[in-house]
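There is one chain below, alone, in structure tokens, taken in the form predicted on its own.
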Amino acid sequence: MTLSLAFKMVIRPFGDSALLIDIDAGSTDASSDIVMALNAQLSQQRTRGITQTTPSYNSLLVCFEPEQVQHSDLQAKIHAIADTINIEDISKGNQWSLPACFDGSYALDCVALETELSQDWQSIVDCFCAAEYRVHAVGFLPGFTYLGNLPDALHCYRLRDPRATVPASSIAIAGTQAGIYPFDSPGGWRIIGRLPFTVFQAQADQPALFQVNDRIRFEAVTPEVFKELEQRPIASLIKQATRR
């Protein structure tokens, strides 16, 4: 069964050795489905000359070797694939249930968010944990995880003055998105909690823990449980948190 979604696709050069494909299918999730299906087909067909693909919310960056394939030939190939992509080509990724602490020093912006969102903190946490999030992109920092499907009631402004340091594994929200910081870094998103393990390991075969199209839910734990989880081996926590 081919995808019945109508969508618009624009392909444009992105430097001398890359193409940027923009997809508009009417919504973020629908556009992401098309991006994922197209990315899967390019990978499965091992299209000549392509060296790397990077999917995002509604775009796909395709890097290639100019010595092996020309812009025009690759664009024609991509258009041909787009005409035949199948809904079964869309990988659902892993499903995650992540323990997180939203108390005290782990929720740096709890007071400001209570004021901006006109909700008490427990209501904010309950609303955040009730949703299932989709990984739409991984980037900005290596392993930074962009999450879609943030509930409307939690949409908020970024900080006017970004922090010099956001702690590693912090969970944040800003605008219509949520995100997870992979390591200590500057940042302007609102920090609402933290995971008890790292989401980026530079020496691992797959350094970024989460991949595009994974689904994530968060489970609130107490500070006492959080500290106990921090002492466990990362591998055991990851195994417990994920399922296909």
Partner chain sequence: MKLQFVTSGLRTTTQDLGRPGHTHIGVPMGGALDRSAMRFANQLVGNALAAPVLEVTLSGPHLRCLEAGRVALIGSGFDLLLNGEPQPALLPTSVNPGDALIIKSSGNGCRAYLSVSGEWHAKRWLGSASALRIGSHELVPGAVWTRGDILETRDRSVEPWPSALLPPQPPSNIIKVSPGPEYEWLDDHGQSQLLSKRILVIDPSNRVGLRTDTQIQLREDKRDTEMVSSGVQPGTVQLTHAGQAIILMRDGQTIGGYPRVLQCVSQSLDQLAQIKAGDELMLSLTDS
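All of these numbers come straight from a predicted model, not from anything done at the bench. Numbering follows the first chain given and starts at 1.
Beyond the structure shown, there is the form predicted in complex with its partner chain, which is absent from this document and is the topic of what follows.
- The closest heavy atom approach of Arg158 to its partner chain in the predicted complex falls within 4.5 Å.
- Using a 4.5 Å cutoff between non-hydrogen atoms, Ile90 does not count as a contact of its partner chain in the predicted complex.
- In the predicted complex, none of the heavy atoms of Phe197 sits within 4.5 Å of a heavy atom of its partner chain.
- Put simply, Leu42 is far from its partner chain in the predicted complex: not one heavy atom of it is within 4.5 Å.
- Shown without its partner, this chain lists Ala172, Ala137, Val125, Ile78 as candidates; in the predicted complex, only Ala137 has a non-hydrogen atom within 4.5 angstroms of its partner chain.
- The contact with its partner chain in the predicted complex, taken as any heavy atom within 4.5 Å, belongs to Leu20 out of Ile234, Leu20, Leu229, Met9.
- Residues within 4.5 angstroms of its partner chain in the predicted complex, judged by any non-hydrogen atom, belong to 140 to 148 and to none of the other stretches in 126 to 134, 107 to 115, 140 to 148, 78 to 86.
- Highlighted residues Thr51, Ser59 and Gln177: every one comes within 4.5 Å of its partner chain in the predicted complex, counting any heavy atom.
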